[in-house]
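Given next, in C-alpha coordinates, is a single chain: the form predicted on its own.
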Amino acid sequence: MTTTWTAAALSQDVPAGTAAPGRLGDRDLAIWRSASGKIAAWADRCPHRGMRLSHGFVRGEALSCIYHGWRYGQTGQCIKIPAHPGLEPPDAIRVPAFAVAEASGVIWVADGAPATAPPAFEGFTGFRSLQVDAPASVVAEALGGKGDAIRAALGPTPAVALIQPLGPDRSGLHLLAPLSAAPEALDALSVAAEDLRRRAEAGQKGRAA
(Lines give C-alpha, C1' and ligand atoms only; values in the text may rest on other atoms or scores of the structure.)
Protein backbone atom coordinates (compact mmCIF):
# COMPACT_ATOMS: atom_id res chain seq x y z
CA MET A 1 0.00 0.00 0.00
CA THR A 2 2.94 2.35 -0.55
CA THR A 3 2.58 5.13 -3.10
CA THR A 4 4.51 7.94 -4.76
CA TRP A 5 2.03 10.26 -3.06
CA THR A 6 2.63 11.35 0.55
CA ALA A 7 -0.20 12.05 2.98
CA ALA A 8 0.59 15.56 4.20
CA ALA A 9 -2.58 16.73 5.98
CA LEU A 10 -6.28 16.12 6.35
CA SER A 11 -8.66 18.09 4.16
CA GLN A 12 -10.66 19.21 7.17
CA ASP A 13 -7.57 20.89 8.66
CA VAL A 14 -7.13 23.25 5.70
CA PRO A 15 -10.53 24.91 5.18
CA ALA A 16 -11.20 27.42 2.40
CA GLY A 17 -9.32 30.69 2.80
CA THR A 18 -6.52 29.33 5.02
CA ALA A 19 -2.87 28.28 4.79
CA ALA A 20 -1.01 25.74 6.91
CA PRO A 21 2.53 24.37 7.16
CA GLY A 22 3.32 20.90 5.85
CA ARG A 23 6.22 18.66 4.90
CA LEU A 24 7.35 16.55 1.97
CA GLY A 25 10.46 14.64 2.93
CA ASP A 26 12.91 17.22 4.23
CA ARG A 27 11.15 20.16 2.54
CA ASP A 28 8.81 22.61 4.24
CA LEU A 29 5.52 23.23 2.47
CA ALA A 30 2.83 25.85 2.52
CA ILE A 31 -0.47 24.08 1.95
CA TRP A 32 -3.35 26.43 1.25
CA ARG A 33 -6.90 26.44 -0.02
CA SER A 34 -8.41 29.26 -2.05
CA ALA A 35 -11.81 30.80 -1.39
CA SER A 36 -13.34 28.54 -4.05
CA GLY A 37 -11.81 25.44 -2.45
CA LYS A 38 -8.80 24.79 -4.70
CA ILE A 39 -5.90 23.21 -2.86
CA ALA A 40 -2.22 24.00 -3.52
CA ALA A 41 1.13 22.92 -2.05
CA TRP A 42 4.19 25.12 -2.47
CA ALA A 43 7.68 25.54 -1.11
CA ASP A 44 7.23 27.43 2.15
CA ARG A 45 9.40 30.44 1.25
CA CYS A 46 8.49 33.73 -0.37
CA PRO A 47 10.99 34.45 -3.19
CA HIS A 48 11.30 38.03 -1.95
CA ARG A 49 12.67 37.77 1.60
CA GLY A 50 12.25 34.11 2.44
CA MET A 51 9.29 34.57 4.81
CA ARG A 52 7.20 31.45 5.34
CA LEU A 53 4.17 31.56 3.06
CA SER A 54 2.31 29.29 5.46
CA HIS A 55 2.11 32.39 7.68
CA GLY A 56 0.49 34.33 4.83
CA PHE A 57 -3.13 35.14 4.13
CA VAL A 58 -5.52 33.97 1.44
CA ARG A 59 -7.61 36.47 -0.49
CA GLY A 60 -9.84 34.94 -3.12
CA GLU A 61 -7.74 32.68 -5.35
CA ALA A 62 -4.34 34.02 -4.29
CA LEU A 63 -1.93 33.68 -1.37
CA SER A 64 -0.09 36.77 -0.07
CA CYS A 65 3.10 36.83 1.96
CA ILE A 66 2.53 38.32 5.41
CA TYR A 67 5.79 40.33 5.24
CA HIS A 68 5.51 42.66 2.24
CA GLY A 69 2.27 41.38 0.76
CA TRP A 70 3.65 39.91 -2.45
CA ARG A 71 0.71 38.03 -3.97
CA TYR A 72 0.89 34.69 -5.79
CA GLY A 73 -1.72 33.02 -7.99
CA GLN A 74 -2.72 29.35 -8.00
CA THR A 75 0.29 28.27 -10.10
CA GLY A 76 2.81 30.01 -7.82
CA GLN A 77 3.38 32.94 -10.19
CA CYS A 78 3.72 36.35 -8.52
CA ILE A 79 0.79 38.49 -9.65
CA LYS A 80 1.17 41.63 -7.53
CA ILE A 81 3.87 43.55 -5.68
CA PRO A 82 2.08 46.14 -3.49
CA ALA A 83 5.06 48.50 -3.34
CA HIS A 84 5.00 48.70 -7.15
CA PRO A 85 1.31 48.59 -8.10
CA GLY A 86 1.97 49.49 -11.76
CA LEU A 87 4.55 46.75 -12.27
CA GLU A 88 3.68 43.46 -13.92
CA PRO A 89 5.82 40.96 -12.00
CA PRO A 90 8.30 39.08 -14.22
CA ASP A 91 7.73 35.38 -14.88
CA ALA A 92 10.90 34.53 -12.93
CA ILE A 93 9.21 35.43 -9.64
CA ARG A 94 7.48 32.16 -8.92
CA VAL A 95 7.10 29.85 -5.92
CA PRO A 96 7.98 26.19 -6.62
CA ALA A 97 4.73 24.19 -6.65
CA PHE A 98 4.22 20.51 -5.93
CA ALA A 99 1.64 18.05 -7.20
CA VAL A 100 -1.35 17.98 -4.86
CA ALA A 101 -4.62 16.06 -4.80
CA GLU A 102 -7.32 15.02 -2.35
CA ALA A 103 -8.85 11.60 -1.73
CA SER A 104 -10.67 10.10 1.25
CA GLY A 105 -10.41 13.38 3.15
CA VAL A 106 -6.60 13.45 2.83
CA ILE A 107 -4.36 16.02 1.16
CA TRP A 108 -1.69 14.16 -0.80
CA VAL A 109 1.47 15.79 -2.17
CA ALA A 110 4.21 14.57 -4.47
CA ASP A 111 7.39 15.78 -6.11
CA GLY A 112 6.94 15.55 -9.86
CA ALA A 113 3.91 14.17 -11.70
CA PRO A 114 2.74 10.81 -10.33
CA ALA A 115 1.43 8.40 -12.96
CA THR A 116 -1.62 7.49 -10.88
CA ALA A 117 -4.13 9.21 -8.64
CA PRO A 118 -3.57 9.07 -4.87
CA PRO A 119 -5.09 6.09 -3.06
CA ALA A 120 -8.71 6.23 -1.98
CA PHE A 121 -9.98 4.16 0.93
CA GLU A 122 -13.61 3.39 0.31
CA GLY A 123 -15.82 3.85 3.35
CA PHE A 124 -13.19 5.87 5.26
CA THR A 125 -12.48 9.58 5.63
CA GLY A 126 -9.94 11.76 7.41
CA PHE A 127 -10.47 11.89 11.17
CA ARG A 128 -7.40 13.14 13.04
CA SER A 129 -3.70 13.91 12.59
CA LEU A 130 -1.04 13.80 15.28
CA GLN A 131 2.73 13.90 15.51
CA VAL A 132 4.73 11.06 17.03
CA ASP A 133 8.29 11.40 18.30
CA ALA A 134 9.39 8.15 16.69
CA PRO A 135 10.51 7.06 13.19
CA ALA A 136 7.91 5.85 10.71
CA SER A 137 9.12 2.25 11.05
CA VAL A 138 8.54 2.31 14.82
CA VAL A 139 5.03 3.72 14.35
CA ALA A 140 4.27 1.01 11.80
CA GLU A 141 5.53 -1.64 14.21
CA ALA A 142 3.29 -0.27 16.97
CA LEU A 143 0.37 -0.61 14.54
CA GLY A 144 1.35 -4.21 13.80
CA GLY A 145 2.17 -3.64 10.14
CA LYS A 146 4.65 -2.34 7.59
CA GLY A 147 4.65 0.46 5.04
CA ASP A 148 3.10 3.91 5.01
CA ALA A 149 -0.58 2.87 4.92
CA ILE A 150 -1.87 0.31 7.39
CA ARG A 151 -5.38 -0.95 8.05
CA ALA A 152 -5.70 -1.66 11.75
CA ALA A 153 -8.17 -1.81 14.58
CA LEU A 154 -7.43 0.89 17.14
CA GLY A 155 -9.44 -0.10 20.14
CA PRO A 156 -12.83 -1.32 18.88
CA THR A 157 -12.71 0.92 15.80
CA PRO A 158 -11.31 -0.07 12.39
CA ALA A 159 -9.10 2.61 10.90
CA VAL A 160 -6.62 3.39 8.16
CA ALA A 161 -3.33 4.79 9.48
CA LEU A 162 -1.24 6.83 7.05
CA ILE A 163 2.31 7.35 8.29
CA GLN A 164 4.30 10.38 7.11
CA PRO A 165 8.06 10.56 7.83
CA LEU A 166 8.91 13.98 9.24
CA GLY A 167 12.56 13.35 10.05
CA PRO A 168 14.78 10.64 11.50
CA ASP A 169 12.91 10.58 14.82
CA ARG A 170 9.48 12.06 14.08
CA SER A 171 6.43 10.99 12.11
CA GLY A 172 3.02 12.29 11.22
CA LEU A 173 0.09 9.94 11.74
CA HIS A 174 -3.06 10.66 9.73
CA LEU A 175 -6.00 8.53 10.81
CA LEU A 176 -9.01 7.72 8.67
CA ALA A 177 -12.20 6.56 10.36
CA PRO A 178 -15.24 4.74 8.95
CA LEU A 179 -17.81 7.09 7.45
CA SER A 180 -20.46 5.27 9.45
CA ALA A 181 -18.64 5.50 12.80
CA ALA A 182 -20.79 6.64 15.73
CA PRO A 183 -19.54 9.44 18.01
CA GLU A 184 -18.61 6.98 20.75
CA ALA A 185 -16.55 4.95 18.26
CA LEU A 186 -14.68 8.09 17.22
CA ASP A 187 -14.03 8.93 20.87
CA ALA A 188 -12.60 5.45 21.35
CA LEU A 189 -10.44 5.85 18.25
CA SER A 190 -9.03 9.13 19.58
CA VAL A 191 -8.16 7.51 22.91
CA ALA A 192 -6.54 4.56 21.11
CA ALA A 193 -4.52 6.95 18.94
CA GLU A 194 -3.06 8.63 22.03
CA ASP A 195 -2.20 5.21 23.44
CA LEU A 196 -0.52 4.29 20.17
CA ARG A 197 1.56 7.46 20.29
CA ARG A 198 2.69 6.69 23.85
CA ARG A 199 3.63 3.12 22.93
CA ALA A 200 5.57 4.18 19.85
CA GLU A 201 7.45 6.91 21.71
CA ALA A 202 8.21 4.55 24.60
CA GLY A 203 9.48 1.96 22.13
CA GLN A 204 11.74 4.54 20.49
CA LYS A 205 13.14 5.63 23.86
CA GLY A 206 13.86 2.00 24.66
CA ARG A 207 15.81 1.60 21.43
CA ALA A 208 17.79 4.77 22.09
CA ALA A 209 18.66 3.81 25.66
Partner chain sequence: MKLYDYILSPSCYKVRLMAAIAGVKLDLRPVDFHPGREHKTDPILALNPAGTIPILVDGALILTESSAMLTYLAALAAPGWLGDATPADRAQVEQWLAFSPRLTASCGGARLHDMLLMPGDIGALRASATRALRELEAALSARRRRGHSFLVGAIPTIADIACFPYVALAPDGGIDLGPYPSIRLWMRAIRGLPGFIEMPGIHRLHEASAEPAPEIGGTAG
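Residue numbers count along the first chain shown, from 1. What you see is a predicted model; the values in this text were computed from it and never measured.
Just so you know, the form predicted in complex with the partner chain exists too; it's not on screen, but the next bit is about it.
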Among the candidates 168, 156, 144, 183, the residue which, in the model of the complex, approaches the partner chain to within 4.5 Å (heavy atoms): 183
Which of 157 to 165, 63 to 71, 34 to 42, 144 to 152 sits within 4.5 Å of the partner chain in the model of the complex, heavy atom basis: 63 to 71
4.5 Å heavy atom contact with the partner chain in the model of the complex for all of 111, 117 and 195: no
Contact flag, residue 121 vs the partner chain in the model of the complex, heavy atom cut 4.5 Å: no
Any non-hydrogen atom of residue 200 within 4.5 angstroms of the partner chain in the model of the complex: no
Contact flag, residue 58 vs the partner chain in the model of the complex, heavy atom cut 4.5 Å: yes
is_contact(residue 131, the partner chain) in the model of the complex, heavy atom dist at most 4.5 Å: yes
